[in-house]
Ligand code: HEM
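In structure tokens, the next block holds one chain alone, the form predicted on its own.
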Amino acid sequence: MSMNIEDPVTEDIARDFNLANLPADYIANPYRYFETLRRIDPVHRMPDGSYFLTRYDDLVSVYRNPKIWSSDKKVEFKPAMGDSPLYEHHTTSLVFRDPPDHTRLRKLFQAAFTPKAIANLEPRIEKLVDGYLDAAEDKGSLDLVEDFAFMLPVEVVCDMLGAPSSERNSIRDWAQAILGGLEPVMTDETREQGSQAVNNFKDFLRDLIKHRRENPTSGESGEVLSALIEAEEDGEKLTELELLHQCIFLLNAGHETTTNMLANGIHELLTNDEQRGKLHKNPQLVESCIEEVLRFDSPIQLNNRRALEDTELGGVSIPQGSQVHLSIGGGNHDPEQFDRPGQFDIERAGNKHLAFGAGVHICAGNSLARTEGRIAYSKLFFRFPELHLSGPVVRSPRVRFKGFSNLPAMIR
């Protein structure tokens, strides 16, 4: 039985739904709110005038029409971030740019995620996973977040940029401070911590870039910083500022969402004996298992867009300038798209989830995340068939990103 049984909230509670003032039980199970909103008010207008979308088809419509729905966040971020380094980062990085600028940056940035680059990383990913599991076997226990789900993607992304793995804890702290600036509610402390993290990241990266310019590599080991430095499209390269912020984005996005994906899936399999048994019986299900994890408990729960003109969604008029919040978790649990959406099923076929978005902004690193997931799940569950949770688990308190702060476990 799944831990995320959909238990709808009452209609009056759903009608008061507001990202700026969420109920205490939202983090534990947001899907019950999405179910009621999708049924009674799928294009839900919140007190600040923005709209919260929970239907799959509405999300796809927005994702696939960047001419109407802008990803640029200068208007939204300016009031809360001001002229801070945090504002500079979030308005320069790839994910918050519109075509044609986004198109140019993505082509340059894609150097980090070519099939060759990912293939070159596979031996390193396997070695890292084996090392974590060796340490767990010696100890008899591990925290599946701190010692596994976090460690793997942050070390991989450090390798990609030639950053020493000794800096992984600093990188995590900086990333969490910067990504904290994307939560629905911004505080002065959040802005200041995020801005300091951006400055620290830029200083760190300037040294890395200087070293790599002086010592370029062929990328055979999976290191891609040289490729980003040299990447050129129609005679244009990344500017120094663009290079710095795309590297910050790579370090942040490259480990935060993958950490959550790994942890969410591990938790679901450890609390669902039936599905875990299916995976043991048929190891080839690991790839469809990853897709179901991404659908069922998406590591990113929210995206946002701004209407560039008066438009309509699901029969609701949306004025120009309005912001819409795309509930990825809501869309991925829409019964019009997914049969039995509240059931975790690693054999699910035709799983066209939206965990990586869609359209021109589909996550550039989705192939790398899937590769890390395939190797991590396969090795973890088949090496430790008696793996089990050994204490209370703690959900991360974030709204935009869904994951766990800890998952204590014993291997036998």
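Predicted, not measured: the structure shown is a model, and the values here were computed from it. Residue positions are given as counts along the sequence shown, with the first one as 1.
A second form of this protein, the form predicted in complex with the named molecule, is not displayed here; the remarks below concern that form.
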query	finding
Partner-proximal stretch of 171-179, 88-96, 198-206, 134-142 relative to the named molecule in the predicted complex, 4.5 angstroms, heavy atom	88-96
The named molecule contact in the predicted complex: Gly254, any heavy atom under 4.5 Å	yes
Phe113, heavy atom within 4.5 angstroms of the named molecule in the predicted complex	yes
4.5 Å heavy atom contact, Gly357 and the named molecule in the predicted complex	yes
Any non-hydrogen atom of Pro299 within 4.5 angstroms of the named molecule in the predicted complex	yes
Selected contact from Gln323, Asn303, Ser84, Thr190, since only one has a non-hydrogen atom within 4.5 angstroms of the named molecule in the predicted complex	Asn303
Check all three, Met151, Val154 and Gly403, heavy atom within 4.5 Å of the named molecule in the predicted complex	no
Contacts with the named molecule in the predicted complex, stretch 243-266 (heavy atom within 4.5 Å)	Phe249, Leu250, Ala253, Gly254, Thr257, Thr258, Met261
